[in-house]
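Okay, so here's just one chain, in structure tokens, the form predicted on its own.
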């Protein structure tokens, strides 16, 4: 079976001057996954390695460098899923770990559960040997202080709704990182990780840790979503992609149909990536930017800021 991998670094508007750093980060992360697949490794290993690399890169909103909630803390969400046995593991509102995607994998492999949240997820992480790690970076803390002051001014008693505010100031929105892959045995896997949305309410959980919403792997497709999670959850976006392919749709058409529905029903700022069992990869987004990288088969790895 042909191998393939695609990853993304979050849909939105990247700040001027940051584009090349984002593309370099995407390419480096994708190369980690590619080396695993080209050596005959598993799709699950490839997507976890790719996403862990993005979590370790502070320019992305996942792991170290994730955005802060209203109280100034990082609450991290992540999910992994493998088509073989429909195995899935997830963590939500997890604090003080370096790589939440790897904790999510341990949930899948070491427990009978699919998701652990909050304090329980942190206790589990420590039990599994994940040490204490502060993911808050000085840059994110500085951004949080500025945004907190601005939100207090703009979102007062006679305020704009947060949706309108984020539409007018897209640089304040968060993002997500994710990867999807198929290995030489035809097994598909997806992994997604995020810090959520800047200034989110404490305890907010988005689409990323929810199988079928922000992350999904079936016998037909592996997919990851990024953008406004509340709408991705309502649409079950990644499962919808899989169902369309199962009905016979080509992968790019399946992504387009789901993205169009998210736009029509919710005017949602969303991006999607996916691979299918035949080794095809596709990406689409409704935002200006979505840094992403991919390779299929023996072809060269490609990294782009937006879909042409």
Ligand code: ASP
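Not measured: the values here are computed from a predicted model. Numbering follows the first chain given and starts at 1.
Keep in mind that the form predicted in complex with ligand ASP is missing from the display, and what follows is about it.
Segments offered: 110-118, 139-147, 123-131, 228-236. Contacting ligand ASP in the model of the complex at heavy atom distances within 4.5 Å is 228-236. Residue contact with ligand ASP in the model of the complex: residue 95 places no heavy atom within 4.5 Å of it. Using a 4.5 angstroms limit between non-hydrogen atoms, residue 204 touches ligand ASP in the model of the complex. Though the partner is left out of this view, residue 89 does not reach within 4.5 Å of ligand ASP in the model of the complex, counting heavy atoms only. In the model of the complex, ligand ASP lies within 4.5 Å of some heavy atom of residue 197.
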